[in-house]
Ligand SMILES: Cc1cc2nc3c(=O)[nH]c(=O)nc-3n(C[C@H](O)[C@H](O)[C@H](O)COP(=O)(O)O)c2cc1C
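Starting off, we have a lone chain in the form predicted on its own, written out as structure tokens.
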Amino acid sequence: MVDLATTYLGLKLRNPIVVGSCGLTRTVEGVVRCQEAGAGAVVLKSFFEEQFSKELEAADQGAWTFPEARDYLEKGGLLEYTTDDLSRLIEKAKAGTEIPVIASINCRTARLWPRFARQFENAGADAVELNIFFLPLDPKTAGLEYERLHFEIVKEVAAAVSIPVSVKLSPYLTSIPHLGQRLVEAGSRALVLFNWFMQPDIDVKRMNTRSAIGRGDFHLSLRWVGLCAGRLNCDIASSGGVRRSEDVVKLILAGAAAVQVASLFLREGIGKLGTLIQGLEAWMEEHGYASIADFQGEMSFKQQDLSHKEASAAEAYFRSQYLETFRESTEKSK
């Protein structure tokens, strides 16, 4: 019998499939269902800065309209209230389950989120996942400045807590390996590739803009997992586009320490998790692997480069010339 046990963020997981932050992990009942379905760990529904902002807006409409009061709130006066619900969720989830529970925060302000992370740690979270995203709107601001904000947030949060910190990155970055290495130096224990944020859309009938749910790109995640695994001193986790057990196998072969799945479970039910596990087990048995460690990263860019199989063995990770790839595919099909 194969052993699916693995480690991620220094945490012991019974298997590498993690239920990502979504509606399924919003409640204690949902977390329990994830555990019963076989999840290795769960990432709780994210706590967003907008939740804190809404508290401020509500306060402005009430008795707290004095400038001094608002300043107090902006400096953290509402922290003990805005995180109560999530802290209680963490406490109850930890009491009712045995799998690792990871808190998720949508970060924008370095001075606030270390305090949120500390509260979630005190509530019993096993780790914290930071969702950092700055849309580069200002033509006068260089990309390096946006990256600096990433480092600042991670450094502050990592210094504030003793539990592991991971960063869920956006795919819209100039140099993911370089940024990843700097984040590791700042205190991140893992990178999650990627966060698929809400996307803009236009309603051509009503003539207004609207937001659409972002869709994960499996092959984009696979590319960067394969390029980063083993080259950065941290765990690499994937997020986005998994539809079947074969996708899980591919990501682990590329070097993923954990595979986050959410949309599939929302679309087809949490029972689909068992199918992924069964498929992973069957593939391992068929190929003679006794444990996840036996094949994790075997097809990463670094591992293929070190094995010296052939000069072009790992080119698929960085090749972008469509014409050449198309020609090779056509020749193989003849």
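Throughout, we count residues from 1 along the sequence that is shown. Just so we're clear, the structure is a prediction, and the values are computed from it rather than from any experiment.
Keep in mind that the form predicted together with this ligand is missing from the display, and what follows is about it.
Picking from 92-100, 113-121, 175-183, 240-248 the stretch near this ligand in the predicted bound form, with a 4.5 Å limit on heavy atoms, gives 240-248. Out of the listed residues A160, A262, C228, I163, A262 is the one that sits within 4.5 Å of this ligand in the predicted bound form by at least one heavy atom. Contact check for S188: every heavy atom lies farther than 4.5 Å from this ligand in the predicted bound form. Heavy atoms of F48 reach within 4.5 Å of this ligand in the predicted bound form, making it an interface residue. Contact between W224 and this ligand in the predicted bound form is not found at the 4.5 Å heavy atom cutoff. Taking the partner from elsewhere, S87 is found to have every heavy atom lying beyond 4.5 Å of this ligand in the predicted bound form.
Residues of 209-229 that come within 4.5 Å of this ligand in the predicted bound form, judged by any heavy atom, reduce to G216 alone.
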